[in-house]
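The form predicted on its own is given below as one chain in structure tokens.
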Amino acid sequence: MVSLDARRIGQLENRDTLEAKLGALREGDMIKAQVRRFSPGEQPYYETFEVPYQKWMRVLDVLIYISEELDSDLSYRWYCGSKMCGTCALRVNGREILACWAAAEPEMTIEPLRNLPVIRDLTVDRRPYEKRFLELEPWIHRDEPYPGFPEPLTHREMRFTSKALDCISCAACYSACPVVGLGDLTRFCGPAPLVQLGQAALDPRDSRERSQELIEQASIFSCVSCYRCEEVCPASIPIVSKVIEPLKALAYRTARKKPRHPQTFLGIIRRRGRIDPSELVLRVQGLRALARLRWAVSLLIRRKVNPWATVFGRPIPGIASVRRLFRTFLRTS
């Protein structure tokens, strides 16, 4: 796998970075925008527009020019235009961005967010996403009444909640998440609803028992920690490391019946000292994994699983130390 630094060096050598592309643009140069169009009852198609570049031009400015100056009936959504409301999220050249914040590129393919129904053109129906997080009741539940103002809270107590509070509900991470795209196979609620839930569930004042809704409703252990959500988050929230992983720990720690996925995950680590994706998939999904032949072949081609290592792989050299850590944890927990 090519490292990020190596890819960056290659981009610099070929003048393929966004900075290099924008540096080559002059005011009046034509930007080529290929926009995905869709109306109910019709097949989607791509329409190409040419827009004259202006200094500091954003993707939103390109869309406004198309609708106002080119007299197009293009449908898109935006309100604040200043990275606050999150409603202008869409995809440019395969990556989720905020149209009001991302710089216009010389050539762009502009598409709506994934994993949400498209109403028209670039406008998506946000109701499925909003329904998922409202089902999780993402507000603080108190056993005792509010004690009054001010309510003392330390930085340590709020270290996870404070990160989640930066969310602007743009749903970019929901679109980027590959597990959400699997639908009913995982029933994963997605990173965005979990960030909303994290604002309450990770707050020290919250007293609600959250393990059942995290495991059953949110299917939180279906998250594969691929970090795609963190890559596209316009608010730079460490979604996996500071929200989802603490929520996983909360769910596992408080659940009466430990969920199958983390138990299997920990069992493999204790036995081998490393995770084995092939064994994890087989033990969690069972025969269902073998029945989905096309999916299994795709995992093999992309080297996500290695049956050879599953059957013949040995524990890591330091396995004794790993097992000692597990014994220590079991004694202290």
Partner chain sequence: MRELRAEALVIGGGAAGTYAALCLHRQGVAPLVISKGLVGKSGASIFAGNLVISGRVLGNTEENARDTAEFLIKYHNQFLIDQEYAKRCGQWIAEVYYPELEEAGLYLRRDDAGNVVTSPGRLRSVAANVQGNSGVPFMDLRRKQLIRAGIPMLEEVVVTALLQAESGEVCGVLALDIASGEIFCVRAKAVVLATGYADRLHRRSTGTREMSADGIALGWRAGAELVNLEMQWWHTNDVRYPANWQRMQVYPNPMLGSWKSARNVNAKGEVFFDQQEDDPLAFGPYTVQLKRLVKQVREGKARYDGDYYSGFDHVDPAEVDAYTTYAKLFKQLGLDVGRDLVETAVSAHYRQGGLLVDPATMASTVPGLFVAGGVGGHSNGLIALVTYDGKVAADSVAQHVRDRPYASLPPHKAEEEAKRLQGLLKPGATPPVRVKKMIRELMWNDMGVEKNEAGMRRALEGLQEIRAAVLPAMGVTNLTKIMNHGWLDAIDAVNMVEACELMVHSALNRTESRGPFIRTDYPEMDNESWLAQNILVPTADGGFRFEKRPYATPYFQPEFVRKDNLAVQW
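Keep in mind it's a predicted model, so treat the numbers as computed, not measured. Numbering follows the first chain given and starts at 1.
One more form of this protein exists, namely the form predicted together with its partner chain; it is left out here, but the text below deals with it.
Item to check | Residue (of Asn115, Thr123, Gln217, Ser211) lying close to its partner chain in the predicted bound form, criterion heavy atoms within 4.5 Å | outcome: Residue within 4.5 Å of the partner: Thr123.
Next on the checklist: Residue-level contact is defined here as any heavy atom of the residue lying within 4.5 Å of its partner chain in the predicted bound form; does Arg36 satisfy this criterion?
Outcome noted: Residue-level check for Arg36: no, no contact with its partner chain.
Next on the checklist: Taking any heavy atom pair closer than or equal to 4.5 Å as contact, tell me whether Cys80 reaches its partner chain in the predicted bound form.
Outcome noted: So Cys80 counts as contacting its partner chain.
Checklist entry - With the partner left out of view, is Glu69 within 4.5 angstroms of its partner chain in the predicted bound form by any non-hydrogen atom? => result Yes, Glu69 sits close enough to its partner chain in the predicted bound form that at least one of its heavy atoms falls within 4.5 Å.
Next on the checklist: When the contact criterion is heavy atoms within 4.5 Å, does Met158 count as touching its partner chain in the predicted bound form?
Outcome noted: Contact check for Met158: yes, within 4.5 Å of its partner chain in the predicted bound form.
Checklist entry - Cys173, Ser175 and Thr254: each with a heavy atom within 4.5 Å of its partner chain in the predicted bound form? => result Per the other structure, none of Cys173, Ser175 and Thr254 touch its partner chain.
Item to check | Stretch 124 to 155: residues contacting its partner chain in the predicted bound form, 4.5 Å heavy atom cut-off | outcome: Arg126, Glu130, Phe133, Leu134, Pro138, Trp139, Ile140, His141, Arg142, Tyr146, Gly148, Phe149, Pro150, Glu151, Leu153, Thr154, His155 sit within 4.5 Å of the partner.
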